[in-house]
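Two forms, one protein chain; structure tokens for each follow separately as structure 1 and structure 2.
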Structure 1
Amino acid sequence: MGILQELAKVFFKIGLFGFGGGYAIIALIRHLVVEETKWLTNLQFIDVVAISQVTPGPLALNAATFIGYKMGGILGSLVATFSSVLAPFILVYVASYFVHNIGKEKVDLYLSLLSPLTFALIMSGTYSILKDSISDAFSILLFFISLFLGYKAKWSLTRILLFSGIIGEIFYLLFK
């Protein structure tokens, strides 16, 4: 199978099974692009997640464009991006056409039943990112500093990323 077809297949799946959004989708994308196809290494995957946090658009789309470009150039990025939104587009479109009234109770029940799955996916994604990003004593230190800045000092994510990136940079250039 050519790379374009493979990109289309993988990102169509990500669109079709991408429930929960946000961090919940990390486990799914990681499984497909790191473990199954090996298009990205563990570390490159975290880098894509990091980039996605400070650029427009959701992770699934950002990952599609990035990996599509990496594996198949501009055409690859178009194919992957298009494939990643194909299933959601069709589903939402068809539902908009047919469904005019949805019982609020049913929707609430559905969403509340979906939440254990979403949280389990977030846990699993967090576990793999945590495991891969902590590589030495200094990264453990950075992890706790960032945790403190986010939790206690209530810094915004962009600010924490910038800070942590610069501190990491200084350490890396001096000691690595």
Structure 2
Amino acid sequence: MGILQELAKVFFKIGLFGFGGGYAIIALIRHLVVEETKWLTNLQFIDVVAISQVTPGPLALNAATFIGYKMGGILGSLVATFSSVLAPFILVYVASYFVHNIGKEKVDLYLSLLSPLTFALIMSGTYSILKDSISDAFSILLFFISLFLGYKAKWSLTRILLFSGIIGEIFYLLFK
């Protein structure tokens, strides 16, 4: 199977099972592109998530575009991006039939049953990133400082990212 077919298969699967948005499917994306296909290392995947966060657009779509480009150039990027939105497009199209024929209340009930699943998927994605990115005493300290700055000092995410990046780079240059 060529790389373009593999990209299409993997990102169609991500789009098909991507309940709950970007954060909820981080664990799935990581499983497929790090563990199953071995297209990325754990650290490269964390970089993809970080880049996807600071670029406009949904996380999964940005990740698909970046990984597709890394694996197959511009054509790979187009295939991965298109494949990641194809399954949700089909699902929404089919779901619209049910909304019109079985009633919005039953659809709302079904979607509310997905909430615990979405929470579990978000926690799984968080854990998969934390276990690889918090690896020494400095990274643990920086993690807790970032939490404090976000929740107690009410810093914006942009300020926290800039602060953490600058402090991390200074630490890396001085001690590594």
Partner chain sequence: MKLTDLFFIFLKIGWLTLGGGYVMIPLFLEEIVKKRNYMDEEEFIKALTLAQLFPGPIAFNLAVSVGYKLKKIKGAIISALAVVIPSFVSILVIAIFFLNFQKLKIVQGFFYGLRPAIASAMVLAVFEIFKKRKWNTLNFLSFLFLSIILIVFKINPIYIIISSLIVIILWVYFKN
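Predicted, not measured: the structure shown is a model, and the values here were computed from it. C-alpha atoms forming the largest set that superposes within 1.5 Å between two forms make up the rigid core. Every residue number counts along structure 1's sequence, beginning with 1.
- Between the two isolated copies of the chain, the form predicted together with the partner chain corresponds to structure 1.
- After superposition on the rigid core, displacement of the C-alpha of V107 between structure 1 and structure 2 amounts to 2 Å or more.
- Taking the core as the reference frame, the CA atom of Y97 shifts 6.4 angstrom between structure 1 and structure 2.
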